[in-house]
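Considered here are two forms of the same protein chain, supplied as structure tokens in two stand-alone entries, structure 1 and structure 2.
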Structure 1
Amino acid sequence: MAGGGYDYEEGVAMEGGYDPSYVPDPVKSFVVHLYRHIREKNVYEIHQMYETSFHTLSDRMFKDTPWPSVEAVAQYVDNDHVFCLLYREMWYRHLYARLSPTLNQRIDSWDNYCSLFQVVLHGVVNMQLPNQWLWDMVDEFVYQYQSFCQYRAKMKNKTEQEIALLRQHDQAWNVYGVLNFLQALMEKSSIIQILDKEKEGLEQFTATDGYDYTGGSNVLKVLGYFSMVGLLRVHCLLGDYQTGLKCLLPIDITQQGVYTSVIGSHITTIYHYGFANLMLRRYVEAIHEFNKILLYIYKTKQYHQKSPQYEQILKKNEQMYALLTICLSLCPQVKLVDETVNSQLREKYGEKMSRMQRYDDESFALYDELFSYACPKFITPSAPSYEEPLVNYNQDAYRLQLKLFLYEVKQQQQLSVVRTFLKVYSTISLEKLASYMEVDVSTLRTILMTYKHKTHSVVADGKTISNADIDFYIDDDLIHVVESKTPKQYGDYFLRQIVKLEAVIGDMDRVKLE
């Protein structure tokens, strides 16, 4: 099995023991039952097998080998075309997670996604699959695309055969193909119209978590829904933050939705939403959303400890603390952050954060460090130049985003100094502040105007909004400081308490005293 002909590919560990055509009994039983539950639309059982059995079997029998080939299991599932596509999708997912895929396998996996999505888009699919599984499909599709771009960009150590293969299969993981599949799923599912109609009470989608209890299939609808998150992610990987956020618009992230029904989807959505807002300088928006999700993860972490996604959850959690640190260093609105999140933040990044506000070379290095740790894995979407000399370009996209981000940090360099002074005065003359800051008055004027520009943004309808924690205005030569006090939102508080009280009274009414 091993050896011959494979030496030019990243060696997948084809151990002597692995025979792709051998199907152990537990696997036989697994596919037979899974196939039956899918035909019977038993979402609960499908979910159990998908979330638990698959991973248990993987851990027990396929720790470092692939699952049996689809050809070998097909006979146990009536050679069902769609089931085989689903099996193969899981087969590759397992391979990507545990081994390193060869170029041939990457291309085959792409072909499998094409067939699978074609069936969903054009065929008549009447399955009902768990949201977790449908999310994983979209998530994995985007992940494999990103992984392919990283792989392709490392041109230096490519062999002639690999390059020939890349050229021959130039449609595999092509950026147009990837984006158009996501777009097609979104459009064909009419998910945007469904969400619109739901607002008017004419349709149920969120209320049933996307499931169809009237005999229909949830597959296209929910894949279309998650594709919007997929598009946000791909656009962020490409540095196209504006377009990414636009793709997410149909989903109201101030509310719960189907995207919150799967923890991986919830985190991916908010991570990319927050990151895009950070890059667009909308720090307050980013802080709001990071704060909410970090609090949510803090409170619910323990329920996911056994989940296969647990490690991923923890990693994104740490990355989002790093991003929150960046946001708060550029826009110190700590009062927007919940006390629990804040104490976690101080524990993890408290010391770094105080150094980041100093704006010297060292603080600059910290921005670099945190950004590099927490940013998405940016990709270059275009095909490489196959001309000699072959060069690696897998870092290009990341370096560009990092450079532009640090450029922004540099432009805001003096703002925290201004902030420090504004905090201790109610009025101060330009001349006095200039001498404290060791600049001349006309330089100070530009710094103060920069402060205004960077802390105010013009939103869609032409309205200007302030992100400043501390503001000021200048009358002739005198700076007047304005501490912006956001009044407490008592209204919302009372509303929540009213609903709570009513629930408690309802509970008490139900209690029958003997």
Structure 2
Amino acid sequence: MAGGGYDYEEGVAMEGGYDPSYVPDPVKSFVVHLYRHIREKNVYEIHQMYETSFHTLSDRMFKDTPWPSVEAVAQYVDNDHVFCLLYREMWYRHLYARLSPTLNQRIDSWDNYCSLFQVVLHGVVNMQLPNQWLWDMVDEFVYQYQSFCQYRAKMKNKTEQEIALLRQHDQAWNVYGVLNFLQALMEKSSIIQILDKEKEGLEQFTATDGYDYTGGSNVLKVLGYFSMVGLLRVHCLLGDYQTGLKCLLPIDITQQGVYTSVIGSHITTIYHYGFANLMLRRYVEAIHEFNKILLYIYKTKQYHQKSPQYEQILKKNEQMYALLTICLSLCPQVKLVDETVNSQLREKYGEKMSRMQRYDDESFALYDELFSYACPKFITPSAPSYEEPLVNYNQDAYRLQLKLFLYEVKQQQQLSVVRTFLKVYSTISLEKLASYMEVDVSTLRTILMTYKHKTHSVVADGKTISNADIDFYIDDDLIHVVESKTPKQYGDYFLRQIVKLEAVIGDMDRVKLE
């Protein structure tokens, strides 16, 4: 089946029928104008059509049916090969969002991505596309890979025809193929060298948001840039957090960058970066970044209410609050969190956080609940066993990551007891602390060494950093406690009061006086 055609037998039967060859006038107008704007490199108009017109038409005319097939619209765009690949990419994205794709369609979508990325990598692409579209390409590519792995892992109710198709198309959505495309886009675009030159003031990539104002194309460069975020996401789905963070190293996430020019990219980057750091016990780094992005969403979410991504923004916002709750329960450094974020956190998870500090069965159930709600949908990349009996294994990767996470939580249990005592004393003898904890001195030394190990982690450049708000050293069997103090910041308080005052004034302006 050609990508863009709809498979009636396997697909959902539509009310009133669906004719893939019928192109309504608004769709003709849409593809003709989009094609013209792409040829003219009119990024502003392309963005308007992609972000607004496409979604408006989808809501109005294709709520529960696919768009017209690519074969039907090709005649209106001079049968342009690259435009048809771009149209198919949107066609499949709409299909995944509104309907359930069949196995044939999943395979066809993979073939379309292969063709599209091959053109970008090896052809001459003289286009400027909006960052939003280029981000969506990478984002959807990874999402469809994740979706295919989940689908393939549910073997129990597969038909003989589906199993035969899976065997026949074993290269479709292969993990090496997915990683190779993202890696190839990153390397061919020379984006790492471009970002290095930018640090020396020899490039203007971030200043121009990745766009090329000299008549060239931004497609390969920006796809290469977003592929680094795509690689982070894929490695997180596979449970390889170290490699994921390594892929993101060329992007300085402490600064504004092209990744912040698209809200979806910004949130996806920080969500996966924070989650990877959480799993690697770099709690302070995760808290810092979750705090920044949650504050940003809090201040700007009203501007995205009409955006197609709005629901996803809210969902990721809630998931990151859950992850921040986990981080602060394992590494109680509330002083790193902005007051606005902290008050939202207390409202959502205040009661659960206090229960999570107890480290009993109930607290482990809460860690399990929050992790399960907020973690990525982990995948098993290997092909399934096609031998009888067929079993579902789509939950195996998630169960393994949950098991590793809860094992880490259990190891933290005794450390919370140590921390409680260290908070009370500035100096205490080993013997005295051992008697309080009802262990011998030798066991206490082991516990203290474990505390040191668990509150320190190795970062990307090989340095060891501390996640502890309380540290200590031992001199002649005497424990000396060192507590870090953060200077108070009053600016945020005044800013919050100003925002509240503006909201009150806005409410008063809306009140009609009789």
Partner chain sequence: MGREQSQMSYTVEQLVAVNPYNPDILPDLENYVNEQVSLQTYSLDANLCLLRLYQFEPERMSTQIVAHILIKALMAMPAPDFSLCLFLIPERVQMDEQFKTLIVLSHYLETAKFRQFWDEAAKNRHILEVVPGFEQAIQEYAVHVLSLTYQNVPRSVVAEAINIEGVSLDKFIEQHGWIVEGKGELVSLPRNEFNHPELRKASSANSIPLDRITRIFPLLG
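Just so we're on the same page, residue numbers count up from 1 along structure 1's sequence. In this text, rigid core is short for the largest set of C-alphas that superpose within 1.5 Å between two forms. Bear in mind the structure is a predicted one, so any value in this text is a computation, not a measurement.
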item: Displayed copy of the chain that is the form predicted in complex with its partner chain; value: 1
item: Exceeds or equals 2 Å, Cα of L166 between the two structures, core fit; value: no
item: Flag for G506, CA shift 2 Å or larger between the two structures after aligning core; value: yes
item: Core-superposed comparison between the two structures, C236 Cα displacement 2 Å or beyond; value: no
item: Rigid core fit between the two structures: Cα deviation of F472 in angstrom; value: 3.1
item: Distance moved by the S442 C-alpha between the two structures (core-aligned, Å); value: 4.2
